[in-house]
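Given next, in structure tokens, is a single chain: the form predicted on its own.
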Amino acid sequence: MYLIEKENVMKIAEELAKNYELFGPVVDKGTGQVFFDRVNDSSEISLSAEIPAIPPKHVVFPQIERIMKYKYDRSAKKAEIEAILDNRSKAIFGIRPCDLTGLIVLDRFFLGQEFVDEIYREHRKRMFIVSQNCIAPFKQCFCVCTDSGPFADEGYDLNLTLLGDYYLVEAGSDKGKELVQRLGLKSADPSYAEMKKKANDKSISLFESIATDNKAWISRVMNRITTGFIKEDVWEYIGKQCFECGACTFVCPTCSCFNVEDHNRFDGTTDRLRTWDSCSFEGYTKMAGDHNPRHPVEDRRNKRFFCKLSYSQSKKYLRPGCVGCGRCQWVCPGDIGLPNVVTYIRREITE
């Protein structure tokens, strides 16, 4: 563990900017909205900003990405194929524990299964992550219900905890250790570990008074979703409120569904694009012959929340698919963000 003065914490970002493209939370001057974006100057980053409107998963999993181009020579009957991999070095600075947990889930989806996604791997392997613990929750947070905060346990190269006039800096990798040594940060004595524990306990205690927008006591609901003991009329009620807009999936830090499309260019080449997709869309499960095994909207809503809260998914990713950031509740025009769905199912259980 190391220490750095609060007013000097951006020296870490400045050092990273020498070798990495720097991304961090930025407050838009016009709207006051927070976005996790590429910055040219570390002074643009605000560590005190609220949770960004869009999670930083787009840094490793872009919404639209060209992954390949090819050209077919009809006369020679030969195809020229070129894979396009993003080999830029990127640094994520100031990511919150919930979004960091989202990246860990994406890692397990793209890299931890039977097949490895080479495109995602190229984004990930040159990345440096600096996370920051939440010493107080925001009003929409429920990460304590999903075991994804308010303090980070893994997945970072460096982790920051604000303790008075200092940030406690913890190195979680060899890259992190090498950076703090390069910066010459002084070591923290063991008392700071106790101070960090007290800060974590205090943050958790503040959820009752500050994080008032959402609650999602999910353990009993996970049991019901896993075993299928939820009445059809509950899913129908939820489905009737869905606008099929896909907003919940696009702002979710763990949603990983994508589509692949080919686009012809005037020079005769074809670009293969990977784009975000959503299980909310009617065409998501459409098959050849126009058959759709999940045509009713309530069936698609059922699948989304099975993906987030079932035991089988938790076993695959070693945790629930929800990280408790509250974004789906923010953006849903039908008021069926995950916390409300948990509430509907719990009401059915207790009647």
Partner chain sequence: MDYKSGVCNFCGTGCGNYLRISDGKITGVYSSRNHPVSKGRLCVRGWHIHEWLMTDQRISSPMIKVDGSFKNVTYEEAVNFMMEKLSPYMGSSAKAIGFLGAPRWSNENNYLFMKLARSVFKTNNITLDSESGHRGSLNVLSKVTGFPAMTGSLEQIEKTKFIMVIGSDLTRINPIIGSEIHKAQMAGTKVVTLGSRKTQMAKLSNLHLQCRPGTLKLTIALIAKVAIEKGYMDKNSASSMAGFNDFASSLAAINMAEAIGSTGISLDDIDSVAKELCGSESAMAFWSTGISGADEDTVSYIANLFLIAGKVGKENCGLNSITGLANLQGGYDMGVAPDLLTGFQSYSDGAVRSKFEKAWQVQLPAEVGNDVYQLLENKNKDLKVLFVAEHDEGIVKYEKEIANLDFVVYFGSYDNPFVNHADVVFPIAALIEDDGTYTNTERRVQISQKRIQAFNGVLSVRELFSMIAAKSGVKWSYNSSEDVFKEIASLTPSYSGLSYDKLINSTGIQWPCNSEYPNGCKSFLLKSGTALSFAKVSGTFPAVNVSEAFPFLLIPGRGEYFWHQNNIMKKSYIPKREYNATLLVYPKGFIEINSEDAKKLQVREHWTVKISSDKGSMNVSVKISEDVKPGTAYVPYFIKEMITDFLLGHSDKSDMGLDATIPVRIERV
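Residue numbers count along the first chain shown, from 1. All values derive from a computational prediction rather than experimental measurement.
The discussion below concerns the form predicted together with the partner chain, not included here.
For the three marked residues, A53, G334 and Y344, a heavy atom of each sits within 4.5 Å of the partner chain in the predicted complex. Although the partner is absent here, N200 sits far enough away that none of its heavy atoms falls within 4.5 Å of the partner chain in the predicted complex. Taking the partner from the other structure, the partner chain in the predicted complex has no heavy atom within 4.5 Å of any heavy atom of Y20.
The partner chain in the predicted complex is approached by V251, whose closest heavy atom lies within 4.5 angstroms of it. In the predicted complex, at least one heavy atom of C245 sits within 4.5 Å of the partner chain.
For the residues L206, L273, L163, V144, the 4.5 Å heavy atom test against the partner chain in the predicted complex is passed only by L273.
With the partner omitted here, the residue from K186, R182, H263, K175 that has a non-hydrogen atom within 4.5 angstroms of the partner chain in the predicted complex is H263. For the partner-free chain shown, I54, P55, H58, Q63, I64 of 54 to 93 come within 4.5 angstroms of the partner chain in the predicted complex, judged by any non-hydrogen atom.
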